[in-house]
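Okay, so we've got a single protein chain in two different forms coming up as structure tokens, structure 1 first and structure 2 after it.
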Structure 1
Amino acid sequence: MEQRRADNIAEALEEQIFSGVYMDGDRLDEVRLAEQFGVSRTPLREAFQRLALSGLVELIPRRGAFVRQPGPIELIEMFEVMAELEAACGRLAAMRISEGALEDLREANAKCQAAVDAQDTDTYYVENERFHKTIYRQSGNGFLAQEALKLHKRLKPFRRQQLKFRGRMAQSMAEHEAVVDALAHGEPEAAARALRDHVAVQGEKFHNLMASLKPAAE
């Protein structure tokens, strides 16, 4: 219960950071926010820890929590590495994935499709997360899976934000289908390519993401 509350607070604060309610360098007032969310400071501090993991908040001892927006270069660098880690996971998973895991991916995709139909970005992201984590595990390389998961967590608010752009959920869904197809046919390079293209932030995806960060950066 406490954990879910902390997650909800973290997501609400993410939204406020993206929408420009909080600017880069702003201090998050614990007392005021505890009142606003009607919680004790414990789940609030846990929410700050989650935001610190994704680099949206910097925790400074004896001073508090401060909003920190990564600049465009830092963000693009992180997405570039994420795309390559996902590609490596996909390449290995194509050779090692179990039938049970393929079924899990298809089930996650079915739930993603239902979320697209309902225009429910929150449910889509939950199933999308399950989809990617399954592929990390099926790479059969524990160290790679751990590193991919770490960066996935760091980029979570930005990946969630992307799903709100018009048409992005449906596009993401089609990309998921291509990934499963490559994994099911045991095609390492096709799986790597499909996952790299799915995660990479280029062209229109880049412009949309930068535009969404602008209010907070101004």
Structure 2
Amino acid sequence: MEQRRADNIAEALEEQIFSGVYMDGDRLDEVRLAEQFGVSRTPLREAFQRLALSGLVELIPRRGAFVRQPGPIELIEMFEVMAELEAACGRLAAMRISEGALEDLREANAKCQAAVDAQDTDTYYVENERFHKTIYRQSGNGFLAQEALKLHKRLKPFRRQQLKFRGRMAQSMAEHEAVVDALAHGEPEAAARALRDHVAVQGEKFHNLMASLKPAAE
């Protein structure tokens, strides 16, 4: 762990922000974090720059770095974009997907189903992720896959919560089946629609969750 500490720090901070160590608006104290990581302020400030561009922290001149946790509205917006990106991946993948990848999707789905039966949320989550990432790659568009993955990662902590909704896993399974069918039959529009609805429903469920937690929010 001797080279490029700044990179590792950026990653570590990103992880910490994602996992909710910091609340929205918290100031990231340079000297405190420098001590904590055992480095000087310089690599920390470089890390801040990166986090700022991905929207995780806001860099206010002469004031410092403040963490920017997305609020309810922004989250809804992000889920909406995620839905559109996945739809795009699906549309392209319907024309470009390989037979092997289709098999991967079916396998992931099978394992998902087993996880549902066993009430195994963790396994479901892992296989679900594999399902979606496979579709990203099979879009045949590296740039699109990269963007989709980036947003997917950013929404990770919020997606996980709503798996707990009653019946969500089973419903999600059925949606996955529809996606595979559309892809297998090479139907771009159907694949796009199936994926958009699949993800959009997550956004709605999340909306419900928010509403139930914060009655007066928004």
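Treat the numbers as computed from the prediction; the structure is a model and nothing was measured. If you superpose the two forms and keep the largest set of C-alpha atoms that fall within 1.5 Å, you have the rigid core. Counting starts at 1 and follows the sequence of structure 1.
Shown as structure 2 is the form predicted together with the DNA, with the alternative form given as structure 1. In a rigid-core overlay of the protein, Asp26 has its C-alpha displaced by at least 2 Å between structure 1 and structure 2. Superposition of the core reveals a Cα shift of less than 2 Å for Ala174 between structure 1 and structure 2. Between-form comparison between structure 1 and structure 2 gives a rotation of 37° for the smaller rigid part, taken against the larger part from C-alpha superpositions. Shown is the Cα shift of Ile60 between structure 1 and structure 2 after rigid core superposition, which amounts to 11.0 Å.
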